[in-house]
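Coming up is one lone chain in structure tokens, specifically the form predicted on its own.
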């Protein structure tokens, strides 16, 4: 346990230190503008001069004003503690004691991060189910059909070279034109991102048995179906779970991207979009961290299922 936590905490501390240092040049213009309005003498003296001046130079010329860099209300880069406070206020504070929170209404507030995370998670899970199912079916076909191997696999690879941010609006518009709205368009975008890792992992897993194992089954006169269920499929399970962890994270990214072009008002993507509209970068960062926590939780759940499954199969994980 100690060998795990110490490196993790060391990396987190290093990231936090770099983050705090980066806040100073990123927020220096807002800090100097506020200090100038309060009557302090800053360099350069005017906002026009500061607009064209270098951030690093202004930092060293105004060392006495740098303390405010970590408490700017609308910071370009909010400090880590500001993000933590925003997450607390927009989750526990809003969910429990907000105007529409649990204490007053008995339901989750539609302004809280838990509510928005739930909206995004529902699209993520549906997209993951579609993508993982499609990936397994394609992998089985690729392994057992030479034609599919030569025709489908190259297209699956090419499909991942297209930026999702470019095709997401087209998917939304096309589905909307035929009357498909709501969670399904976001789920399809999630499935688009999540099927590929499953295809690659399952193909690798289904082909992992060596020739000696396959020859042994042939000597027993086993059919292709028996070889699949008794050898190929059990051998692919570790590969499947590994690819599912990647697919789950990709599916969450797809759900968030799917919320951006629709102008949605619910979901973590909508939360980020609203933050960008109103210059609330701390809101964007808090939604980003909530997305990371959701992804970590889902990947952890898949890892737990993997350990239990492999233990029941008698495989050392």
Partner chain sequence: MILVFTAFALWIAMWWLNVQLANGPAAHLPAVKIAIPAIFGLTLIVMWELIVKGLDVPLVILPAPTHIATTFEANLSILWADFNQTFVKGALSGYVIGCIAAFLTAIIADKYDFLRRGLLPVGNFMAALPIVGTAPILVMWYGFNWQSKAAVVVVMVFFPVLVNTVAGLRDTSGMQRDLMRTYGASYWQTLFKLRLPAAMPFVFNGLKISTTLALIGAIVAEFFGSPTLGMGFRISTSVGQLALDMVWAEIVVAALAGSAFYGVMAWIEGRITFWHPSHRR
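Residue numbers count along the first chain shown, from 1. C-alpha atoms forming the largest set that superposes within 1.5 Å between two forms make up the rigid core. None of the values given here were measured: they were computed from a predicted structure.
Below, we turn to the form predicted together with its partner chain, even though it does not appear here.
Of the candidate stretches 111 to 119, 182 to 190, 75 to 83, 236 to 244, only 75 to 83 has residues with heavy atoms within 4.5 Å of its partner chain in the predicted bound form. Using a 4.5 Å cutoff between non-hydrogen atoms, residue 158 counts as a contact of its partner chain in the predicted bound form. Mapping the unseen interface onto this chain, residue 35 falls outside it, with no heavy atom inside 4.5 Å of its partner chain in the predicted bound form.
Contact annotation: residue 53 falls outside 4.5 Å of its partner chain in the predicted bound form, judged by heavy atom distances. With a 4.5 Å cutoff on heavy atoms, residue 147 counts as touching its partner chain in the predicted bound form. The putative spot formed by 177, 272 and 284 is fully lined by its partner chain in the predicted bound form; each residue has a non-hydrogen atom within 4.5 angstroms of it. Note on the partner interface in the predicted bound form: the residue among 151, 213, 208, 71 having a heavy atom within 4.5 angstroms of its partner chain is 151. Contacts of stretch 281 to 305 with its partner chain in the predicted bound form, defined by any heavy atom lying within 4.5 Å, are made by 281, 284, 285, 288, 291, 292, 295, 296, listed in sequence order. Once the rigid core is overlaid between this form and the one not shown, residue 25 counts among the residues whose Cα shifts by 2 Å or more.
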